[in-house]
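Shown here is one chain on its own, the form predicted on its own, set out as structure tokens.
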């Protein structure tokens, strides 16, 4: 997606340790026009996958997931990083955050993730695939089928794609970062 790639090069910032900050337009301050275009792109890529639910994990995946859900006319559910006192029939998994370097116990009510669901998981980044692996675990617990996973930005040098492909997951990334060596953003 050329518009996204241009925006990453223009406004993205790189930090040592393989960190790419896109907080001025994706995951802190958001550009709603760009998010809508991202939603259109994912909806187009997965239009024939038989999806009946969009799933994401809080918080950075919520905005793009809502646009995808709106365009595909499907419900959106987000996996929570903190267990609400009111959640019933909870499924849980542990996810390690690369950015925050900590583990989260994530949860979702199995009222919203069921064996009849064919889900599309949407997230802002694919790095090591930790969040995606947690989603795979939750889907397995619920009996839901993962029809695909869409990532706004993939960091190819962190091999998350390989781990997911080994599990038979269809992956679509809108911008693939080849390298952040010497804090230079190199896009495939």
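Numbering follows the first chain given and starts at 1. As the structure is a prediction and not an experimental result, all values here were calculated from the model.
The same protein also has a form predicted together with a small molecule, omitted here; what follows describes it.
- Taking the partner from the other structure, the small molecule in the predicted bound form has no heavy atom within 4.5 Å of any heavy atom of residue 70.
- The small molecule in the predicted bound form is approached by residue 123, whose closest heavy atom lies within 4.5 angstroms of it.
- For residue 86, no non-hydrogen atom is located within 4.5 Å of the small molecule in the predicted bound form, even though that partner is not displayed.
- Looking at residue 138, you'd find every heavy atom of it more than 4.5 angstroms from the small molecule in the predicted bound form.
- The listed set 19, 176, 9, 165 contains one residue whose heavy atoms approach the small molecule in the predicted bound form to within 4.5 Å, identified as 19.
- This chain is drawn without the small molecule; in the predicted bound form, the residue among 54, 149, 152, 131 with a heavy atom within 4.5 Å of it is 131.
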